[in-house]
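For reference, the chain that follows is the form predicted alone, supplied as structure tokens.
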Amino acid sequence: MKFVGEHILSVSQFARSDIDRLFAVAEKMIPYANRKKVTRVLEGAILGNMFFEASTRTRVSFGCAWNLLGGEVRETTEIKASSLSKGESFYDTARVLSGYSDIIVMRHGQEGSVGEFAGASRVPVINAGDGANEHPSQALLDLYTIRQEMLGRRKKVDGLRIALIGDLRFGRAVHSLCELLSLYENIQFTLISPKDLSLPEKYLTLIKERGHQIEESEDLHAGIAKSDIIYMTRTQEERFASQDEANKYRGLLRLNQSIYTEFCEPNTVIMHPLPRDSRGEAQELDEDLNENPNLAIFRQTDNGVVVRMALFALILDVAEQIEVSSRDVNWYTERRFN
């Protein structure tokens, strides 16, 4: 992948060498994300942040990443707040809004919608989630987090043992992460879900074709016993035909400190793409894990900023110019990174 000027619609665009390049640039972004330095390399550039489906972390993270590079953000949220609610086509919307932007980040509830939009856009488009299909940047920040967490334990991504738990059918972050992990060697996938929420066949086939091991189970305790990474997910209730159907699965698979202590290895890392469902009937990732040092969910969200900064820098071809306008910050910057 050349990155410059490209749409980022699917993780299938990435080779392992592309991931290595992206992560090398992400490392350079850490001082800026941590507010130690300021760069204005994208001063004057405009990000069109188009989120037609609910989002907190992804929307704000992309906007933060862009601002930290010196650019300005313009946002559209919810279809009812846009001309799409008046019957305007993706084509017309894309042609108009890409005239106002230098790059567009888009989320939409319909599978394939971002690709359709990108086909008419005059500027690069990044897929921030299209229905139950994919979420490329989430998978990239998850993989970056896995790499960083394994480095701290003197392990590599190759040979990783990962338990993916919960709604694997509709979880687009899981779909994209499985495809990225399959680029590595000898991954052991343990897939833990109710049968009706199991990983779609196309991802199972891909994982097997690339020579990895798969174990499928509905037993949480046995599945997490020998894992380097636990990747929990919530029930994607917005993808179900009715709330009653979604409610059947909420709370079936829960991880708390007691279960972790009894069944997990001492350094097993806990991840979650967020939001975690903290309602009493759900609690797929209990709040009593908040003080567990192996809980990496907030390190994940921090990592999302540097990975998205790196995507912007590579797509707009400024990765080698970051330090040209770099300076130390002039405000109080002591932050709690723990």
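Residue numbers here begin at 1 and follow the sequence given. All of these numbers come straight from a predicted model, not from anything done at the bench.
The form predicted together with a small molecule is left out here; the points below concern that form.
Requested in this report: Please pick, from R250, H175, R107, R147, the one residue with any non-hydrogen atom lying within 4.5 angstroms of the small molecule in the predicted bound form.
Outcome: Looking at R250, H175, R107, R147 one by one, just R107 meets the 4.5 Å heavy-atom criterion.
Report task. Scan S55, N34, N294, N67 and let me know which has any heavy atom within 4.5 Å of the small molecule in the predicted bound form. Result -> For this set of options, the contacting one is S55.
Query raised in the report: Do heavy atoms from each of H135, Q138 and L274 fall within 4.5 Å of the small molecule in the predicted bound form?
Result: Yes, all three are in contact.
Query - One stretch from 47-55, 309-317, 286-294, 23-31 that, in the predicted bound form, holds residues within 4.5 Å of the small molecule by heavy atom - result: Answer to the contact question: 47-55.
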